[in-house]
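Quick setup: one chain, the form predicted alone, written in structure tokens, and binding and motion questions come after.
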């Protein structure tokens, strides 16, 4: 009997150690947004850059990346909490924008948006008659003092502790008070039935992805919180071929455009960073670097190829 107890004890310890190692491996993989069991569309062995939770850029094998953009999206109730300890900011370098519209294409694709609603618009800007024009991408500003949140009668739009402002279309009644209150005109209204409802079969709605859309509700740029949870950059950041967009954590004073990671405060100081219409007191979380020493000459484009190229 004693030998049998010893044997059982050894077996129990072995099972405990095996389960502990397995659990530890799962948490270690989850901490950097990796999933060894997921499929991958990229070529085997290709290195992909990712932003870790502490603001560092690392290279990982693409085989271990979970390519499902909504795999970490929270349901409506949980999506209001935000990511603890984070305060997300975006920086847009106007000197690098060539109007490639890869940012817009990527945003439309991964949020399943139709051609009528565009969350990320790119405007042709000109500060004065005798100055050169330039391109200006404009997402939602994710204000620290968002007027859209104050006017919503049903708390459908809300600000999280990590600075992200989201819209819950399960609560939205379509009054459009938030659209009237937004001084940046970054919100869209679903006047018609969305085009991609067939792709949403069996998919649970989450304000962190805005999908599936719903007729009669408001939507806007969401900073891709489902990607940020995985330590990845938003789709517009990674899609831009010229490094126009930087994303990062204000609390850690770090932002990255995928190819370089810099100090947010130093970038603002060295490049003369600013925010749109700061006099309004909304305190946007999107910052701009002026269109000085531009990488590309300005080339105007025609409007009307199925895209809202100038935000019109």
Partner chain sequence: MEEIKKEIKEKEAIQMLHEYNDDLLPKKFGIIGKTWTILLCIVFLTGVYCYINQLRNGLVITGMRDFVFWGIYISNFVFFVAISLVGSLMTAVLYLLKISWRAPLTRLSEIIAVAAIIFAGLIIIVDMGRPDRMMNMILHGRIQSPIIWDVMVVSTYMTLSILLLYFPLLPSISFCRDHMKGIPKWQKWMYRVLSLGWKNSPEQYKIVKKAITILSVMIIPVALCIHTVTSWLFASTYRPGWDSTNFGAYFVSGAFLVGSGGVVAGMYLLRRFNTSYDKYLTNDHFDRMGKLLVLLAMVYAYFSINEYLIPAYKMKGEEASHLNELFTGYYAPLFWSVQFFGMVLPILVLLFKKGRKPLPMFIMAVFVIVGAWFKRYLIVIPTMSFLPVQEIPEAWKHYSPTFQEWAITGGSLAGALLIITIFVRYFPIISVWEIAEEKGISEDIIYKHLHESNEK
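Positions refer to the first chain, counted from 1. Because the structure is a prediction, the values reported are computed rather than measured.
Although not depicted, the form predicted together with the partner chain is the subject of the following passage.
Engineer: Hey, with the partner chain in the model of the complex, do 150, 183 and 214 all fall inside the 4.5 Å heavy atom range?
Structural biologist: Yes, the whole trio is in contact, each within 4.5 Å by some heavy atom.
Engineer: Go through 154-162, 87-95, 105-113, 233-241 and give me the stretch that gets within 4.5 Å of the partner chain in the model of the complex, heavy atoms only.
Structural biologist: Heavy-atom contact with the partner occurs in 154-162.
Engineer: Should residue 127 be classed as touching the partner chain in the model of the complex when contacts are defined as heavy atoms within 4.5 Å?
Structural biologist: No, residue 127 sits far enough from the partner chain in the model of the complex that none of its heavy atoms falls within 4.5 Å.
Engineer: Would you check, heavy atoms only and a 4.5 Å threshold, whether residue 73 touches the partner chain in the model of the complex?
Structural biologist: Outside the cut-off, so no.
Engineer: Give a yes or no for residue 78: in the model of the complex, does one of its heavy atoms lie within 4.5 Å of a heavy atom belonging to the partner chain?
Structural biologist: No, residue 78 stays farther than 4.5 Å from the partner chain in the model of the complex.
Engineer: Using a 4.5 Å heavy atom cut-off, state whether residue 173 contacts the partner chain in the model of the complex.
Structural biologist: So residue 173 counts as contacting the partner chain.
Engineer: Name the single residue among 122, 166, 141, 227 that comes within 4.5 Å of the partner chain in the model of the complex, judging by heavy atoms.
Structural biologist: Exactly one listed residue reaches within 4.5 Å, namely 122.
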